[in-house]
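One chain is shown next in structure tokens, namely the form predicted alone.
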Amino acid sequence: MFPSSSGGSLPAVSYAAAMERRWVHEAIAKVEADANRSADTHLIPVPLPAEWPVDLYLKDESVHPTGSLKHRLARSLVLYGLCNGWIGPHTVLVEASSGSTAVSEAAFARLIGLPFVAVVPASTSPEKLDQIRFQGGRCELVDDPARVDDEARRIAEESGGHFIDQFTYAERATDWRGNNNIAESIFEQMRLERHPVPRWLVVGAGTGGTSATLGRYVRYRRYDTEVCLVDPEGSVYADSWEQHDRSLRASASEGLIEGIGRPKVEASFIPEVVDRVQRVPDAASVASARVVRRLLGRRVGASTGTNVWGALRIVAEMLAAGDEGSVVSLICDPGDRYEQTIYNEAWLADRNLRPEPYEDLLDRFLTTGEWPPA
């Protein structure tokens, strides 16, 4: 028993509750401190011909401490769990992920002193698995990607842990009105540019949380900016958006472009804030990643290639229409996570991916300003 402020004693259960509350307070402070000491990510202008009246920018989310856009999401999800009372001093954190979210969540779990289990498809790039383990996480590989959520939920239940569930909570864990979210950051960084209010924001969807944040923010701030969702092969988002049907399922359980695209519509995807959808062939995503390497002198992941393909198509349409303005998209993560996949010729050949024709198309466009017919 311990003394209370009134001179009596606190029951042991109350003391335990007080100690748990103190731990939660300290954990929240640690997570908030991460945000405070992390500088904002860079907004990089892509070198297009000087005479073009359209500018393209890529917000470089790969410079986060854990190397990807998912660092923001992981921070928000862990804070959400702490503030909801779902995460305590003895909680095992569990997530279903294609890799990058798990890398970031593993780092936050280690920051607050908790074990972390990542349930990932067996096809996840070895580089991502190494990064999860480097951050102190344990990897559970699942042969059928459609089963990762079920397996993560089972592990959480059996361990008395918490299934973070990014696909359900991504959009609600992020403050879309501001608070230095990615949308507010983009518009602040664009403030001194030639066309400060972007005509288009181009983004892929895994959970759908980023597209939801961007779409809600531009409406909240009353910008005329539109949001274009780029969707890789094997994903259901484009069909669902076009048909206004959230019940659709893709025939494939897994796509080749890690981090974006899903076989089912996730709870965090908000189709009403998306103004347009583009389907992007996987080979075009790989080709665009290669082109970014030449333009910026660095390797990026395939999902960044998906973004850039969609962004350049919009640039081409604006040029053809005689419009001027700016287009903004994202660098999601670095290319060193994909050395054995999209930057491996044998891997591409095994999957019959031929990026060369798409790369030639982009090279012609960047020279002539004209997008060839399909």
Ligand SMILES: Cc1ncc(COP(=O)(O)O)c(C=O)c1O
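Given the structure is predicted, the values throughout are model-derived calculations rather than measurements. One-based numbering along the sequence shown.
Not on display, but discussed next: the form predicted in complex with the named molecule.
Undergrad: Out of 257 to 265, 86 to 94, 103 to 111, 150 to 158, where are the residues with a heavy atom within 4.5 Å of the named molecule in the model of the complex?
TA: Partner-contacting stretch among the options: 257 to 265.
Undergrad: Pick from Gln131, Ser303, Thr225, Thr124: which has a non-hydrogen atom within 4.5 Å of the named molecule in the model of the complex?
TA: Only one option qualifies, and that one is Ser303.
Undergrad: Which of these residues, Pro198, Gly208, Gly215, Pro232, gets a heavy atom within 4.5 Å of the named molecule in the model of the complex?
TA: Only one option qualifies, and that one is Gly208.
Undergrad: Each of Lys70, Ser98 and Asp333 near the named molecule in the model of the complex, meaning some heavy atom within 4.5 Å?
TA: Yes, the whole trio is in contact, each within 4.5 Å by some heavy atom.
Undergrad: Using a 4.5 angstroms cut-off on non-hydrogen atoms, would Tyr338 count as touching the named molecule in the model of the complex?
TA: Contact check for Tyr338: yes, within 4.5 Å of the named molecule in the model of the complex.
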